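What follows is a single chain, given as structure tokens, in the form predicted alone.
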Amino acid sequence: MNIIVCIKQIPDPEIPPAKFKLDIESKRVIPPEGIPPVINPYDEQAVELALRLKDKYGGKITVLTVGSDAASNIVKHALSMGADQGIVLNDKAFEDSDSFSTAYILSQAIRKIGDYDLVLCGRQAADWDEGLVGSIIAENLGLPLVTLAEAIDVPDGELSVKQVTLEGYQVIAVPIPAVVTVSNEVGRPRLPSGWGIISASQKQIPVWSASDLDADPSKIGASAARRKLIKLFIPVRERKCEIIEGETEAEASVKLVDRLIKAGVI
């Protein structure tokens, strides 16, 4: 079973608040010194689910990411977990792509790879939390889509996907090939093995540009973005403490209720 997993590099979610800085003018997060970016946790769980399928059915796992040269680090992380090969999609023309453009770039790469049975994505990225790319890839490729997967099996040549719902879960059968987005209910991803880390560090990660993908310039980059970032800021929260006093507890309680009503709390 040949599986393609789309992954993304994001700022480490465990960054201490004091180190989280923004460039207000360019509307970008300033990379904190000494804290490298990491693979999106939901995407890491997608890699884990792909590895479980490979352990059971065999096949090959290819990881794809859109990013800079530094994005090869998360590809190597996936390889150290057990993925077979990875590709970085890197071109200046890709900069400032939104979810639609990113999904288009990934779709072009998937078409170029060609031989696949399943495309996996994390349910959303832990930086912007839009959760759109997997669904748009399915639309672009004309493939069936199942979101929020907890587990996947392949009985009788079709996918059986356990999908998370508000009430629990449901099982959906879809034909192969298909696109599935993976939820955190998959569980903790496996740790890379020592040999996996050594092997991954020695691999050269191929880089595909816009021309390699035969990408339409009108569908990539800032000019193709369907949404505009107006403002990026860290919210300021002010806390105030007011002491309500009274001659008795009953009097203080009445004053407290009156104050809460005036404040619009109750």
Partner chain sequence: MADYKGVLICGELIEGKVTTTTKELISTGRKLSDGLNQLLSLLLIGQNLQEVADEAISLGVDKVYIGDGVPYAESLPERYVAIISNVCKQIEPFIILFGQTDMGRDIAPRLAARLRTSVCMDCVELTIDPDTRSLLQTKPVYGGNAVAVWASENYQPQVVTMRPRASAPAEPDTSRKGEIVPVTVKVDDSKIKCKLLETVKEEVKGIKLEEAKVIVTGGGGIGGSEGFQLIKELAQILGGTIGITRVPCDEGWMPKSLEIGQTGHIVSPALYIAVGVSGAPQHLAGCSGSKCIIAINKDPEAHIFKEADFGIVGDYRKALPSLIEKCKALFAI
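Numbering follows the first chain given and starts at 1. Because the structure is predicted, anything quoted here is derived from the model rather than measured.
Another form, the form predicted together with its partner chain, is not on view; read the next lines as being about it.
Verify the contact flag for Ser80: yes if a non-hydrogen atom of it lies within 4.5 Å of a non-hydrogen atom of its partner chain in the predicted complex, no if not.
Ser80: no contact with its partner chain in the predicted complex.
Taking heavy atoms only, is Asp117 within 4.5 angstroms of its partner chain in the predicted complex?
Looking in the predicted complex, residue contacts with its partner chain do not include Asp117, since no heavy atom lies within 4.5 Å.
Considering only heavy atoms, tell me if Gln85 and its partner chain come within 4.5 Å of each other in the predicted complex.
Flag for Gln85 set to no.
Looking at the partner-bound form in the predicted complex, is Glu185 within 4.5 Å of its partner chain by any heavy atom?
It does: once its partner chain is placed as it appears in the predicted complex, Glu185 has a heavy atom within 4.5 Å of it.
Heavy atoms, 4.5 Å, its partner chain in the predicted complex: which of 70-78, 87-95, 191-199, 136-144 makes the cut? Say which one.
Single hit among the candidates: 136-144.
Can you tell me which residues in 232-266 come within 4.5 angstroms of its partner chain in the predicted complex, by heavy atoms?
Leu232, Phe233, Ile234, Pro235, Arg237, Arg239, Lys240, Cys241, Glu242, Ile243, Ile244, Glu249, Ala250, Ala252, Ser253, Val254, Leu256, Val257, Asp258, Arg259, Leu260, Ile261, Ala263, Val265, Ile266, in sequence order.
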